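The chain below stands alone and is given in structure tokens; this is the form predicted on its own.
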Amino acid sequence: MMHKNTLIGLVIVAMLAAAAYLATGAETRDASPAADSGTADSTVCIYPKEYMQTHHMQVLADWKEHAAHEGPDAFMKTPDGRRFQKDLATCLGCHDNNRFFCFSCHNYANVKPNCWNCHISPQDLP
């Protein structure tokens, strides 16, 4: 009986310590506001155009991984200090002027991205 009470006590202490650690970590996070896609500067991409043309799928895959683990706290800070939320909506915030922006290159390259398995395709919007 004594071992059972000791075990329960240790579990409670561990849970309290974990809660305190998580609460402290949450308070010290960078609390900068999220990037507003309505005011995004479409003339300056996150990376240079040449880099994005060849590496956009790796960027998006990395963002997907971070967003899955960090949720709305998943941000990227560029060397010049700009902040972007790691979300497909960030990309579409600048590239929504052509609802076929992604599809024209992917069709040309005969590539079938899986983005639209989870996200609503711009082609499906009214």
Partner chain sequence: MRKAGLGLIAGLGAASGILSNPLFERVSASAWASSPKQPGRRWGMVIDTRRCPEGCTTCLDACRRSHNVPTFSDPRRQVEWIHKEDGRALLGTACATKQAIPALCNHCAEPSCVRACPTDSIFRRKDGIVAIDYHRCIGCRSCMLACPYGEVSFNWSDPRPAIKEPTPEYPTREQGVVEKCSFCSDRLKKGLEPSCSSQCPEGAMTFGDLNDPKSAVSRLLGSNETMRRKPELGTEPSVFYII
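What you see is a predicted model; the values in this text were computed from it and never measured. Numbering follows the first chain given and starts at 1.
Just so you know, the form predicted together with its partner chain exists too; it's not on screen, but the next bit is about it.
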{"query": "Exercise: residue 65 in contact with its partner chain in the model of the complex, heavy atom 4.5 Å", "finding": "yes"}
{"query": "Interface membership of residue 110, its partner chain in the model of the complex, 4.5 Å heavy atom rule", "finding": "no"}
{"query": "Contact of residue 96 with its partner chain in the model of the complex (heavy atom, 4.5 Å)", "finding": "no"}
{"query": "Non-hydrogen atom contact residue 48 with its partner chain in the model of the complex at 4.5 angstroms", "finding": "no"}
